[in-house]
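Below, in structure tokens: the form predicted on its own, a single chain.
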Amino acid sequence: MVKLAHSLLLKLPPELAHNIGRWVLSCVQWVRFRMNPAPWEPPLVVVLPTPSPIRLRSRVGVAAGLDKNAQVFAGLACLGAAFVEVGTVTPLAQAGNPKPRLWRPGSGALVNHMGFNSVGLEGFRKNLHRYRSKVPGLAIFANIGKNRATANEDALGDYRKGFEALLGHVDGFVVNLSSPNTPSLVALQSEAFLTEIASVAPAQVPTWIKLSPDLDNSALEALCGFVRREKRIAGLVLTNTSREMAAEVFGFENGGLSGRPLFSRALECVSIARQALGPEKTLIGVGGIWNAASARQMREAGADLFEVYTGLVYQGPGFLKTLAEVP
């Protein structure tokens, strides 16, 4: 029945299917914690040496974008996620880009042009509180961004608001500077802006920076060098979606590509970053992981943790548990 329901979802328009899937996850978590109110506390086997050590039950998590508004992270924990990157959340609520803005072009790929649709920090924090105490065994990382109307020269203020509003409510932060769907955002991928981010990043929990696969290798190495030297930055999330590949592979004028066609580039970025960062910084690998073999490749390239999104969309709810055994 689960396989049949999943196959039917894949025949629906992508954003409608996403919304139905999110509703199903909300039902899963409601039933799980209504029928069995005991907190979800799995064995914790992986330890991240961050400012406050983070203990995880495996190395597999869910990438930002699936639970944009912190509504279904408890349901994702029930499916097997050890951590969830919730968001991207912006300081003020915003609708994102006009629909349609999510496509399945084939070959195990998604192209999204969502544009940081968000309930805003106040609503996001309220959503976190509904189930946060129910899943103490789940690490939650808040992916924070700037509002579309905020100019780049004022962007630091938006990121500061994200840190301040959610500190104490999440286990870490991911600073999104690389979504291709917010105008000029990728221009913030610079040492100058990372220096500003480091000046406001909280010392109590880790902060990662999420970078684009469309950076050339020399630019990626330079940013890795900065992160290696900067104590306030815990590491990197590699990679975000690719605007270049959405255009080159499928002919999209807007949007970023995720899924199987992105895997080789994501793997290359992780490998480059591990060499440039050294062993001390934490790398989270994401982009095109499709099975346990590709998850192992990501680990062998240097990722401490790995995330999935598009693979979960195409493979269905059992996918996370198939990856949990990857050492």
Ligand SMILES: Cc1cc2nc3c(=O)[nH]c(=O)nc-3n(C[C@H](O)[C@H](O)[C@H](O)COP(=O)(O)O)c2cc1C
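Because the structure is a prediction, the values reported are computed rather than measured. Each residue number is its position in the shown sequence, starting from 1.
Although not depicted, the form predicted together with the named molecule is the subject of the following passage.
Only one segment in the set 165-173, 122-130, 107-115, 222-230 has any non-hydrogen atom within 4.5 angstroms of the named molecule in the predicted complex, and it is 107-115. Taking the partner from elsewhere, every residue among 88, 102 and 210 has a non-hydrogen atom within 4.5 angstroms of the named molecule in the predicted complex. Of the residues given (70, 295, 273, 63), 63 alone sits with a heavy atom within 4.5 Å of the named molecule in the predicted complex. Among heavy atoms of residue 286, some come within 4.5 Å of the named molecule in the predicted complex. Though the partner is left out of this view, residue 143 does reach within 4.5 Å of the named molecule in the predicted complex, counting heavy atoms only. Taking the partner from the other structure, the named molecule in the predicted complex has no heavy atom within 4.5 Å of any heavy atom of residue 182. The closest non-hydrogen atom of residue 262 lies within 4.5 Å of the named molecule in the predicted complex.
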